[in-house]
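Presented as structure tokens, the chain that follows is alone, the form predicted alone.
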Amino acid sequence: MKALILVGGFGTRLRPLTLSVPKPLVDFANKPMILHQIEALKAIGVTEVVLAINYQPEVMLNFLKEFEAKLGIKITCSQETEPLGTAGPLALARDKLVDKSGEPFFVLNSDVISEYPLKEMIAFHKSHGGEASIMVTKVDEPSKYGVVVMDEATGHVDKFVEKPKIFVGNKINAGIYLLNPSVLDRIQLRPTSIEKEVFPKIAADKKLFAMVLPGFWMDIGQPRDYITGLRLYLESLRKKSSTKLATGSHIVGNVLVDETATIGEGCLIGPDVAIGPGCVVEAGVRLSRCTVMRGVRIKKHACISSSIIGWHSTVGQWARVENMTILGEDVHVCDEIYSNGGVVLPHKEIKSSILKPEIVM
């Protein structure tokens, strides 16, 4: 079985992290975002993953080569010379996706994090006999999204309503699809949207079905949602009583600590924290709702909340970093500095406090 992951563009919403690596390689819960998806696909028997990409394909491929061997799955790239939207890349990768088997293939948006119930999706797809299956997820505020209007009993999709002004339903497209090869005949090689152009036509032919995603879902393509996504992901590990979660008197709630990280005395870590490989957390540090990426050093008595600390950065003694502060790679926050929502580009030294949310070039 094959799968296509829509990797797409520049990841501007996750800058400054995406100034160092393409967005799918940004760490989430201590491993690159895209790896969560590739591992889930491998687990249900997908043998080849095609990355639809228009930005830095060599960086992606070099990085993923080591995982190809480790996971035993073929990873290839389909490179766009111009942005082709969310459907055009399928037409471009047609030869890679279609083989003699006539089997359906998966399509995933690379920003989406969930429990990936792909096995259940295959069973659902076979049961309804339609042309395409999409995952939908319930949201509290459907007016911000495109809503999928469907028959709850059969999963039959009736239509799509973009950012509805009046309530038509609370299910939105979750960015995980299972498509028969015949869907490719509906897509031209041009910039085109699968959500706005392709799916409505399949729905009109009564061949589109939706499965409600069990468990959590988050599009982690921007910082606030990334932090929320981490909370939901760690919560789902807790429900599975995962051994990956850290334990100890200094841990509060759900915390992920890489085995190569060191944590000093008198720290209080959590809830909802991920500490990456090789990190050094000195004595008396307080961390909550944050991600600390590979090779970071956090000095004594620093306090970090609701923030993302990029690779190989340092946070000085008694510094306070909060309110969606994002430090790019190799940023150095001096001792006793306060950052309130600072977004700091890579390789900077912060010598004076950032009192209101701003971008530090």
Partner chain sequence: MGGSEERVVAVIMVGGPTKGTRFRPLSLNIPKPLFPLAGQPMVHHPISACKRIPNLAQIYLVGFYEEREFALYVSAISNELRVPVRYLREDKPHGSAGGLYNFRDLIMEDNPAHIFLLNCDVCCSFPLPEMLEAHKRYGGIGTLLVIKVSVESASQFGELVADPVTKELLHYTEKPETFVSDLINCGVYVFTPEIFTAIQGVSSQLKDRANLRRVSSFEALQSATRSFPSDFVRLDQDILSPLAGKKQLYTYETRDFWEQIKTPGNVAGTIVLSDSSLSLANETAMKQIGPNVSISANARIGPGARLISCIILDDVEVMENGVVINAIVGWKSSIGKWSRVQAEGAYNAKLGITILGEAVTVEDEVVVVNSIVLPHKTLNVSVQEEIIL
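On a predicted model such as this, the values are computed, not experimentally measured, just so you know. Positions refer to the first chain, counted from 1.
One more form of this protein should be noted, the form predicted together with its partner chain, which is absent from this view; the next part is about it.
Novice: Against its partner chain in the predicted bound form, would Pro22 count as a contact residue? Criterion: heavy atoms within 4.5 Å.
Specialist: Output for Pro22 is no: heavy atoms all beyond 4.5 Å of its partner chain.
Novice: With the cut-off set at 4.5 Å between non-hydrogen atoms, does Ile350 touch its partner chain in the predicted bound form?
Specialist: Output for Ile350 is no: heavy atoms all beyond 4.5 Å of its partner chain.
Novice: Within 4.5 Å, heavy atoms only: does Asp330 come near its partner chain in the predicted bound form?
Specialist: Flag for Asp330 set to yes.
Novice: Using the partner position in the predicted bound form, report whether Asp335 sits within 4.5 Å of its partner chain, counting heavy atoms only.
Specialist: Output for Asp335 is yes: heavy atoms within 4.5 Å of its partner chain.
Novice: Sequence order please: the residues of 339 to 361 with a heavy atom within 4.5 Å of its partner chain in the predicted bound form.
Specialist: The stretch 339 to 361, when checked against its partner chain in the predicted bound form, contributes Val343, Leu345, Pro346, His347, Lys348, Glu349, Glu358, Ile359, Met361 at the 4.5 Å heavy-atom cut-off.
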